[in-house]
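As C-alpha cells, one chain now follows by itself in the form predicted alone.
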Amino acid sequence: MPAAKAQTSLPRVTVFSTGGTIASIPSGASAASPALTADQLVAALPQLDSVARITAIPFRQVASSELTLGDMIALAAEIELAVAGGADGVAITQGTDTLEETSFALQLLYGGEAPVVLTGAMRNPALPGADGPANLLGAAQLAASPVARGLGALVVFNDEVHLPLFVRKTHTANLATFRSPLTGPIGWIVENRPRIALRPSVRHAIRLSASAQAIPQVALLKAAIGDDGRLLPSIVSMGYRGLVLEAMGGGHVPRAMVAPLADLAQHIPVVLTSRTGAGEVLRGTYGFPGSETDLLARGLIHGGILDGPKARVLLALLLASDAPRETIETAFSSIGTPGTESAFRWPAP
C-alpha cells in the first residue's frame, strides 16, 4: 500500500499538551521547566506516524500544580469539539503532580465514546532514560484503539492502563509511580498493542458549562495524632463552600475534633475520607466518640472509596453544578459501586 494511502487509513488522534515534566527542558543553568509545545512533542516521536493521523494542539504550558478545575472544564469542551470534528481519540500530556485529579475530573466531565488518554513523564527529555516518549506513544496507541472506546478517560503510564477513579501517584521519582491500590491496572500495552482486561460496569457524569467561571473552593484537611480541630471554625469564614476530611484509619478523629466538625456539617458539606489512601471509609464498625459511626450520625457525608484529593474534585464539581445535598450524598455513595443502578448523572438527562 502506498505510504499516503496507508496514512489516510489510520485513525485520527488529537494530542493536547498542557506542559509538565514531559515538556520540560533545562534552560542554561536553570533547572527544567515546561517549554516544549505539542508540535515539538509529536515531532520528536516519528513512531506516531504509524499509529494515527495526529493533530497537535497546545492547551496550556504550565507545571501541573498550576492546573485548575476550570482548566479541566475548558479542556473537556475542547475534547468534545475535537471528537465532533472527526478525532477517533484524544491523548493529553501533562505534569504528573496532579494527574490523578485532572484525569478524575475529565472522567466526570467527559461523557463521549472516544477514548481520552492522559499521560506524562517522570524524567524530562534531557535526562537519561526519559520516559515521556514511550508514555506518549502508548497513550496515542490506546487513544487510537477500538478496545478503549466507551471507557472515557484513562491513564497510561509505564505501559499500564489505569482508571482515573482508582489511580494514584505513589512515589516522588520512580518511573512506576502510578498505581491503583484497590484494583490494579485494567490493562496494559505489549508490542504496541493495547490490551484491556477489565471494564468498569458504569460511568458517572457531571455536566458543566465551558463558560463556568468560579469553581467553589473546597478545603482539604488531614487529621493527625493530637489534632484539636482549631482550624475548623475558620473554614466557613475563609470562604470555603465544602470540606473534605482525611480522617485516620477507617474514618476516625480525636475527640476534640468532633464538636467543631459537627457544627461545620450544619453549614457546609463535610465529606469523610481516609488518609490511608486505599479502601472504603467504614460505616458502623466502631462506636466511640470520633469514630466513623459517630461522625456520620453528626452529619458528615460518607466519602465511599475516594481518597481526599479525588473527593475534593467530586465535591467541587457538584457544588459548581448546584447539586443539592441529596445528590452529593448519592454521588459519593455510588461512585465505584458495581451495578448499573449506581450510575449517577447530574444534572439528570
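All values reported here derive from a predicted model rather than from experimental measurement. In case it trips you up, residue 1 is the first one in the sequence shown, and so on.
This next part talks about the form predicted in complex with aspartic acid (ASP), which is not shown.
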Spell it out for me: taking aspartic acid (ASP) in the predicted bound form, does every residue among 63, 97 and 169 have a heavy atom no farther than 4.5 Å from it? yes
Residue among 79, 121, 137, 144 with a heavy atom within 4.5 Å of aspartic acid (ASP) in the predicted bound form: 121
Just one of 215-223, 270-278, 245-253, 89-97 has heavy atoms within 4.5 Å of aspartic acid (ASP) in the predicted bound form; which? 89-97
If you look in the predicted bound form, which residues in 10-36 sit within 4.5 Å of aspartic acid (ASP) (heavy atoms)? 20, 21
